[in-house]
Each structure stands twice: as C-alpha cells, then as structure tokens.
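The data below hold one chain only, encoded as structure tokens and taken in the form predicted alone.
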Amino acid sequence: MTSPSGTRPSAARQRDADRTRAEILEVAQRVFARDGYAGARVDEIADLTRTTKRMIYYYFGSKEQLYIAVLEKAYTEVRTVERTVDVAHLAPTAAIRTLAELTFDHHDAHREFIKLVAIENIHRGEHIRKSEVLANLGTPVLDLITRILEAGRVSGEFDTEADAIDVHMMISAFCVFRVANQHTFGALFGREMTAPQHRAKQRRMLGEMIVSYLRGS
C-alpha cells in the first residue's frame, strides 16, 4: 500500500526516523562539545531537538550510547575526508602534502571534533574503547599513509624511516594543537593561532614540515 504521494508508509517512516536520529546527533555533538560528557544533559538535547528524552533513549539506549554515537559520527567524518586522497594519481610528496592539508582544513572547520577528542582524553578513552565502529576505523588512513611512504621510498623522494603512525601523529599534533590550545597559547604568547590571517601560513607550514621530515632535511 502506498500513500497519496506514492511513497510506501514504511519507507517514509524510515526516512523520518533517520532524520530524527541525525538531528539528535547533530545537537548532541554541540552539547557534548560545549559541556563535556558529565556536564551534558539529555533533557537539554531533547528540548533543542523538539523531541523527548524517552525518544532519545529509544534511538540510542542511554546517555553513554548517545555520546559514543557522537564520537563515531565525528571520527567517521574525518576518516571519510582522508579517503579522498587519490594516491594512485599523485606523486608521493604531493599525496602526503594533500593529506596533511585536508586534515588541517577538516580540523579547522570542525572545531567541535577537537573538543570531543579532548573530552574523551580526559576520560582516558573509556567510551571510545566500547565502540565496535571505532575499533578499526583508523586502519584505512594508516594503510593510505603506508602506501604513500612506500611509493616515496621507491621513487627516492623520502629518506626517513618513519612509519604511518609517526606521520599520522605529526599531522594530528599540529592540527589539533592550534585549535585545542588556542586560548592558553594566545594568553601566554599574544598570538591568536586560529585567526584568519595566520591560516594560509600554518597550512603551508604543516605541509612543509611533513615533507621536509620525510626527505630527511
């Protein structure tokens, strides 16, 4: 049986459920990033999404499961960006520079992600360890970096014996630090790290830092 618009009721209900779940996740991400896991209130998330606490628990089971779903969403988004690097059609130097710059762009545009990472580190990663989705989510980017490094060694572009985790850590450290530490760094050194006038220089600096290291410069 179809509705007057030609849509099966079950399909329409599924789309409504998907939209509701997505809206809850979007709002919950903002609230958890602002208030932390302990400080976030499910009642407020329900009010902001014009739904009910009972409905949130229907979709996610508990506050902790909602928080884990937010982490899964946030990490999946950055992994999706990383997978856009076209290793097959880029020289190794261009590929690793592109990956670094894409990560910079993502973290600069998604500062709530940095806050969530900081919050989860305060909790010693206890929630992220409970997620089956996140258990192997880092594997594709490590495989990507490994392919770039191997190609660079074969071509003679890279000399340094770094592994994929080393390189991923270097890229993440720069991108996370400028956002996570912007307020304390600004207070101590008088420079607003995330100010628009510094962005292009920092983005270029990151690419040069990674390439120079891999070249053994």
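The model shown is predicted, which means the values in this text are computed figures rather than measured ones. What we label the rigid core is the largest C-alpha set whose atoms superpose within 1.5 Å from one form to the other. Residue indices: 1-based, along the sequence shown.
Omitted from view is the form predicted together with another copy of the chain, to which the following refers.
J.: Is residue 182 close enough to another copy of the chain in the predicted complex to count, meaning some heavy atom within 4.5 Å?
T.: Flag for residue 182 set to yes.
J.: I'd like to check something about residue 115: if you look in the predicted complex, is any of its heavy atoms closer than or equal to 4.5 Å to a heavy atom of another copy of the chain?
T.: Contact with another copy of the chain, yes.
J.: Flag residue 119 as yes or no: does it have a non-hydrogen atom within 4.5 angstroms of any non-hydrogen atom of another copy of the chain in the predicted complex?
T.: Yes, residue 119 lies within 4.5 Å of another copy of the chain in the predicted complex.
J.: Can any non-hydrogen atom of residue 16 be found within 4.5 angstroms of another copy of the chain in the predicted complex?
T.: Because no heavy atom of residue 16 falls inside 4.5 Å of another copy of the chain in the predicted complex, the answer is no.
J.: Any chance all of 46, 83 and 199 sit within 4.5 Å of another copy of the chain in the predicted complex, going by non-hydrogen atoms?
T.: Per the other structure, none of 46, 83 and 199 touch another copy of the chain.
J.: I need to confirm a contact call. Of 102, 94, 137, 144, which residue comes within 4.5 Å of another copy of the chain in the predicted complex, counting heavy atoms only?
T.: Only one listed residue qualifies here, and that residue is 137.
J.: Mind listing which residues of 173-191 have a heavy atom within 4.5 Å of another copy of the chain in the predicted complex?
T.: 173, 174, 176, 177, 178, 180, 181, 182, 183, 184, 185, 187, 188, 189, 191 sit within 4.5 Å of the partner.
J.: My question is whether residue 33 is one of the residues whose C-alpha shifts by 2 Å or more between this form and the one not shown, given a fit on the rigid core.
T.: For residue 33, whose C-alpha is compared between this form and the one not shown after core superposition, the shift is less than 2 Å.
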